[in-house]
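First, one chain by itself: the form predicted on its own, in structure tokens.
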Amino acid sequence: MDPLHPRAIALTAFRLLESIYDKPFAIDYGAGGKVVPALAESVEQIDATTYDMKLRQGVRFHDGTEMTARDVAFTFGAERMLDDDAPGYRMGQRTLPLLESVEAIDDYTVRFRTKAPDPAFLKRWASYGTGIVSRDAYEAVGDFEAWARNPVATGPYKVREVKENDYVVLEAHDDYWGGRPPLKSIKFQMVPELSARIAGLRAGDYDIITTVSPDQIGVIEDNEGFAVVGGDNMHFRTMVYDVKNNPLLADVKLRQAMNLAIDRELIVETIWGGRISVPRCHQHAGYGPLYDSSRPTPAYDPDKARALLAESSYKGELIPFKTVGSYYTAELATTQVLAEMWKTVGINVDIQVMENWGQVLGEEPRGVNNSSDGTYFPDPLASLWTRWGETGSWQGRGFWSNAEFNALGQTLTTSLDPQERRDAFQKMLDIWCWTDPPGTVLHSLGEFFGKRADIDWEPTATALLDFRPGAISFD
């Protein structure tokens, strides 16, 4: 599947696509989030908004042809990404919002121009949506849907077979520039029920299974020959409030009270067995100098919550709480716990289990819903701003807006001064976490994986499945 496809914008797709696509750069989380060369070897900044990217020579696509600047320019150019009717326009606005133009200077040099200075320029090229594709293969297919089912890229594995809503089989790309892939083939099998995934792991049908709930970790680890890996990562498990369309939630004191009524540490200890953590608001230590380690985790203060409610316009009305119930690990259990915590201080919600996300997000009346915010490169531009900013998911859907937050976001997006960016980001957190909260962060988006104990493998810091050379081995 092409990473620009609308169905690819989900964690399940990210895991699969990581094996198919390579990006110009990568993030070495073992080295403190350092940006390292991948398909590109270096970037020279010509002026404040112009960058020349030097490509690695000798990289082969899945069809054996060589990757050149022509392919890179096409990947991010008008036809595929920059034009507003291009299939990748939405992804481009998410990952490369400042990109203005791209051109091939010679066979191995690509020139990028941005609309404004970009403090996260290098990191963006290690993010989701920046995988390089073959221009000739793309144009030969001529149909985006057909291309998405059998893309030609440069990653360690290439697509061999796809059965829609069932499985995808990849096979090793033997000419992979990063060395021979460690696996001959990989089958990604869709198995919605956790019990079936665990049974398949025990039976030897699967070698690694995803999204193990905390209460099932012991079930797997109590069986000799199996183990569970994963836990904390750079993603955030969040809640969303429809501030603009629900008159009850328009009252900031109600939202503040809701956030104060949540005992996040209790959720982590009881539901997650203490295996994950509560972040210091919507930030991660991987952000480096932008991170404020002195900022406290979100407060739990039910007495203050009750006092705020007494000052608010809220009179005990039911607030819709829509959920699909099973998208996130322990989603329904968390939803029920939150409802009880809110009820304890006098806030009443009506849990409505919906069939799909379209019903959660699209059907009125809206109120509260579960969500998550991914972080696919270590900077708040990859998460807080992408999800909650002026052109982000929630402002775009009309849930919330804040003029000061948006102005600070422009500084975060374009300032090359590290201190100025840090100050802007921390002020944005003040707004998001307390002054005008459009939701809240609950805890890290814990992700656990069951596996055969003889497989030496762990998920990445962004909960992706990495099966590149050196990332997996067998005892």
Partner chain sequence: MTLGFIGFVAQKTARALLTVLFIVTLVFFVLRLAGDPATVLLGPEATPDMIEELTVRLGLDQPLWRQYLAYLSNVLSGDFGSSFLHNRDALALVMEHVDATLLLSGAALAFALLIGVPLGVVSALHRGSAWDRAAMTFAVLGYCIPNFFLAVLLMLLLSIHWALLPTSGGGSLAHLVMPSITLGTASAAIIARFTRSAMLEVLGSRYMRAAEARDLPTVRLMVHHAFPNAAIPVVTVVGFMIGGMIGGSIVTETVFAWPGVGRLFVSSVANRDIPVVQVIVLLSGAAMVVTNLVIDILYGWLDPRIRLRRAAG
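Residue numbers count along the first chain shown, from 1. By rigid core we mean the largest C-alpha set that fits within 1.5 Å across both forms. Bear in mind that the values here come from a model prediction, so they are computed numbers and not experimental data.
The same protein has a further form, the form predicted in complex with the partner chain, not shown here; the description that follows concerns it.
- Although the partner is absent here, S294 sits far enough away that none of its heavy atoms falls within 4.5 Å of the partner chain in the model of the complex.
- Looking at S393, you'd find a heavy atom of it within 4.5 angstroms of the partner chain in the model of the complex.
- Looking at A203, you'd find a heavy atom of it within 4.5 angstroms of the partner chain in the model of the complex.
- Among heavy atoms of K115, none comes within 4.5 Å of the partner chain in the model of the complex.
- M190 is the sole member of A285, I105, M190, A310 with a non-hydrogen atom lying within 4.5 angstroms of the partner chain in the model of the complex.
- The listed set K304, K343, R180, K163 contains one residue whose heavy atoms approach the partner chain in the model of the complex to within 4.5 Å, identified as K163.
- Partner contacts here mean any heavy atom within 4.5 Å of the partner chain in the model of the complex, and among 267-275, 170-178, 400-408, 88-96 they occur only in 88-96.
- Annotation for 313-329: interface residues with the partner chain in the model of the complex are Y327, Y328 [heavy atom within 4.5 Å].
- Annotation: Cα of D106 displaced by less than 2 Å between the shown form and the other one, core superposition.
- Once both forms are overlaid on the rigid core, the distance between the two CA positions of G204 between the shown form and the other one is under 2 angstroms.
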